Structures are given as C-alpha cells and as structure tokens.
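The chain below stands alone, shown as structure tokens; this is the form predicted on its own.
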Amino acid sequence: MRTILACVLVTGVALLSGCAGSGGGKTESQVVALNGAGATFPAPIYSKWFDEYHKSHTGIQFNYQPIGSGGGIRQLLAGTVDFGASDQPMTDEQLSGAHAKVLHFPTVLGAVVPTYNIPDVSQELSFTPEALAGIMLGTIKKWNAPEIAKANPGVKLPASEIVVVHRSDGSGTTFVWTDYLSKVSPAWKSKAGAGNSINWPVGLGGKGNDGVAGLVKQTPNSIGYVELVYAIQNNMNYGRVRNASGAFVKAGLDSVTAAAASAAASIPADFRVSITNAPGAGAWPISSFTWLLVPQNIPDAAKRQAITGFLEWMLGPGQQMTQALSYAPLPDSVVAQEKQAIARIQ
C-alpha cells in the first residue's frame, strides 16, 4: 500500500511530514485533510499529484488509500472518505444508493496490458482477442497452442501449462479487462461477463495491480493483466494486441491517445463512458479513463474549496505530469467539459 504523506511528532506537536517546514508550518489542526480511497490503476500519478499540489498548497493534505475501485466506491457510499477513485464508472444502482449525488471527473487515460513470464522467451509476444479470451477462460491451456503460435511466427513457445493471474479484490482494472473481453468474445461475455469482481474460470488471485505484477514475476509460465505503468516499473514483458482495425499494436501514450480520440467527440455529460475496443488503426484496445468520484454537495466549505482547487490544478499543470508515468493526458475537449462541471460542486 502506498503512503502519500506520514505524520511525525516534533516537540510534542503533531505535524504532517512535508506539510510543515521549520519556518511558518501549519499544525495538524490547521491543515485541511482530504481522505480518499480507490483505484490502484492511477495510484502512481495520484501520489505524484498530491505531493506536488501540497508543495504549493501547504494547508491541504491528501491521504489516499489504493484499495481497488470496488473498495473506493464502497467507502464513498458509506461516507467514510471525502472522495473515491475508480476505473469503472459507478452504475445507476450505485449512484441511486448514494447519500448525495456523485460526480465523475476523468483524471487521466491509461492502458491495461497482458503481462507474462515465460522462461527462455524474451521476444515480445502478440495476442489476438480470441487467444486472450481463451487463455482467461481456460480453454487455451498451453503456451504453444495454435491460437498463440500463429500470431508469433518464429518464436519457440514451450508446451508448458499457462498459469492465469487475476485480481482478487474488486478492481476497476478488472472491469476494463473484462469489459474488453466481453466486447470481443461472445464466449467470455456469456460465461464470465464484465465487472470489477467476477467468478474467474481459472487462475490465481493477487491484490492490487502490484499484487498481480508480483505474482506474475514470481510464477513461471504465467500471464496476468496490469496497468501499463506497473509493467514498466517492474521491467515486465507485455504483449501487443490485435485491435478492432486488425492491427497488432503496443500499449503506449500514442495508442492510448488514439483510443481516447475516438470517444472524445461523444463524451456524455456525466463522463461515464467506455473506450475499450476503440476503432482506429493506432488505438490500443484496452484503454480507459479513470475517474475521481466527488460528492456534488460538500457542506464543509474548506474541504469544498480544497477539492475544487485541486480539480482545477489537475486539469491544468497536473496534465503536464502524466506522460512521465506512462499515462495519457485528457483530450482538450474533455478538459473543457470538466472545468464547467466543477461548478456543480456546492
């Protein structure tokens, strides 16, 4: 679990490390503390943002717990956090059960990638949608199966059993992955479907993107799905996937941006949209927005001002920090829509 900022005791007074310097710092009672929880998918960029924002707004402290999208939604609905975070838009049923209206604010775009650990295979593999669905269903059982070998000519694939690794917690990353599989595979849609927590046909479970990454790294002949930054940070192999136009593409800023561009002209007013399996020759097919979930009514004026101020900053300077962590910035048209939506917070 990532800790954003920690409390330390200095001469008997509780101060927030990084929140108060040796001269003119604020005591804990003077700090506006914003508590949030949810998706691990955007946790690296959120950690960076919260730290950078605090440097210029020392009276505002973010405490974000990356517990998975499902956990973030549950805590928001329970009223135990000031904001949630999810890679899956809240459903109509979830929204109707909220104590107050919840607004969705897209923050960045990211890619979910198939990452694998096959001893003695160093080449970058290519996957068809049919192969990915078959692997996850357990109907494609060995690495040298024809459905995999055909897309990887010249690669010596072993006859080893495939070990599937998936999320064990309620996860927006799982929703993005299974939403994609449901669009490209009728068999997957009928047998497993889309959701942030499903009954997996096969496999081992890991908690969080970091848990799945760790299991794949330590399990020979395994395959799992993680947000792109986790694959890069852990120096893991991840494959190309054939997209809706028939091209095998690699996940990256350009291919995620291409996927977003296909949806930018038709973003609904509430920002709840899926962009998996997007059209376009260069589009990465397993791309997604990720959202901050913010109550429309925030009675505490200090917290309301802190959240709206951060959202404005996130849509401006914050977007310039995304690419260094392998996230794609929001399209300009979405940024413009969101700036208008911030005014709904009261």
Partner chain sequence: MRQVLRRVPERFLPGTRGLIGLRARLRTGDEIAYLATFAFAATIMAILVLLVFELYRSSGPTLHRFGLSFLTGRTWDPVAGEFGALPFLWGTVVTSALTLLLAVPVGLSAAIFLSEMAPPRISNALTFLIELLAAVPSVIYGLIGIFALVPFMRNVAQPALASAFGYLPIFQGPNYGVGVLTAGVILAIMVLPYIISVSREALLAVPRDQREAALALGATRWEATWRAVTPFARLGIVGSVFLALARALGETMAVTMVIGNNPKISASLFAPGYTIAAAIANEFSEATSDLHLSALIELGLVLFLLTMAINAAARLMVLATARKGTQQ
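As the structure is a prediction and not an experimental result, all values here were calculated from the model. Each form is matched to the other, and the largest set of C-alpha atoms that superpose within 1.5 Å is called the rigid core. Numbering follows the first chain given and starts at 1.
We do not show the form predicted in complex with the partner chain, though everything after this point is about it.
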* Any of the heavy atoms of Thr128 lying within 4.5 Å of the partner chain in the predicted complex? -> no
* To do: Find out whether any non-hydrogen atom of Asp179 is located within 4.5 angstroms of the partner chain in the predicted complex, and reply yes or no.
  => no
* To do: Flag Arg242 as yes or no: does it have a non-hydrogen atom within 4.5 angstroms of any non-hydrogen atom of the partner chain in the predicted complex?
  => no
* With the cut-off set at 4.5 Å between non-hydrogen atoms, does Pro295 touch the partner chain in the predicted complex? -> no
* Asked: Considering the partner chain in the predicted complex, which of Lys250, Lys142, Lys183, Lys207 comes within 4.5 Å of it through any heavy atom?
  -> Lys207
* Heavy atom within 4.5 Å of the partner chain in the predicted complex - the one residue of Leu137, Val163, Ala261, Val155 that qualifies -> Val163
* Asked: Since the chain is shown here on its own, which stretch among 271-279, 187-195, 103-111, 253-261 would lie within 4.5 Å of the partner chain in the predicted complex, judged by heavy atoms?
  -> 187-195
* Go through 272-300 residue by residue and record those having a heavy atom within 4.5 Å of the partner chain in the predicted complex; state none if no residue qualifies. => none
* Take the rigid core as the frame of reference and indicate whether the C-alpha of Pro220 shifts by 2 Å or more between the shown form and the other one. => yes
* Asked: After the core is matched up, is the C-alpha of Thr107 off by 2 Å or more between the shown form and the other one?
  -> no
* Val163 C-alpha relocation of at least 2 Å between the shown form and the other one, rigid core basis -> yes
